[in-house]
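Below you will find one chain, with nothing else, as structure tokens; this is the form predicted alone, and questions on how it binds or moves follow later.
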């Protein structure tokens, strides 16, 4: 399955509001989301597994790869297309060994040093941020800004996705850094019409 990093949606069932969670994700995929990551906090392993299995089916119906956040065990259990890990998760070289070469491996970074290390340790792409300060991710740390993102993009040869506080209003500035895509949560899931939100974002990105 080819990977297009342009519009990378991260799930958060709490941000969907009164809308149906799975329906909202399906509509976002219909609208043009190119990569889907399951990131659900405060949830049992069984629930995480069940949600991931269901979302894998929905994502694959749109030919979109499914990435699991943090949980190597869940990624293996549902045979997801990949895994995304951060600085406080299992070491990236250990994860790559267990996950195998054929799976997509993403790595969260906020400095050039972390980015170069991720590339060296065979990450397929980097999630760099937070670009702007954001409420969706409490553990995002200090914003690296557009300049920080630009420096990370320039330092590595693997795809870089900007994450954190990205919306319709600043998408063009993020694109100007040379990033390969944008990673979003609330800019899609908190909107009334997730299909329309995804369509607007992808058309701005591809312009």
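Numbering follows the first chain given and starts at 1. Just so we're clear, the structure is a prediction, and the values are computed from it rather than from any experiment.
Note that the form predicted in complex with a further copy of the same chain isn't included here; everything after this is about it.
**Student:** Residue 81: heavy atom within 4.5 Å of a further copy of the same chain in the model of the complex?
**Tutor:** Residue-level check for residue 81: no, no contact with a further copy of the same chain.
**Student:** Residue 113: heavy atom within 4.5 Å of a further copy of the same chain in the model of the complex?
**Tutor:** No.
**Student:** Any of the heavy atoms of residue 124 lying within 4.5 Å of a further copy of the same chain in the model of the complex?
**Tutor:** Although a further copy of the same chain is absent here, residue 124 would stay clear of it in the model of the complex, with no heavy atoms inside 4.5 Å.
**Student:** So, residue 169 and a further copy of the same chain: in the model of the complex, are they within 4.5 Å at any heavy atom pair?
**Tutor:** Although a further copy of the same chain is absent here, residue 169 would stay clear of it in the model of the complex, with no heavy atoms inside 4.5 Å.
**Student:** Please identify, from 173-181, 63-71, 155-163, 25-33, the stretch that has a heavy atom within 4.5 Å of a further copy of the same chain in the model of the complex.
**Tutor:** After filtering at 4.5 Å, what remains is 63-71.
**Student:** Can you list, in sequence order, the residues from 10-49 that come within 4.5 Å of a further copy of the same chain in the model of the complex, counting heavy atoms only?
**Tutor:** Heavy-atom contacts to a further copy of the same chain in the model of the complex: 44, 45, 46, 49.
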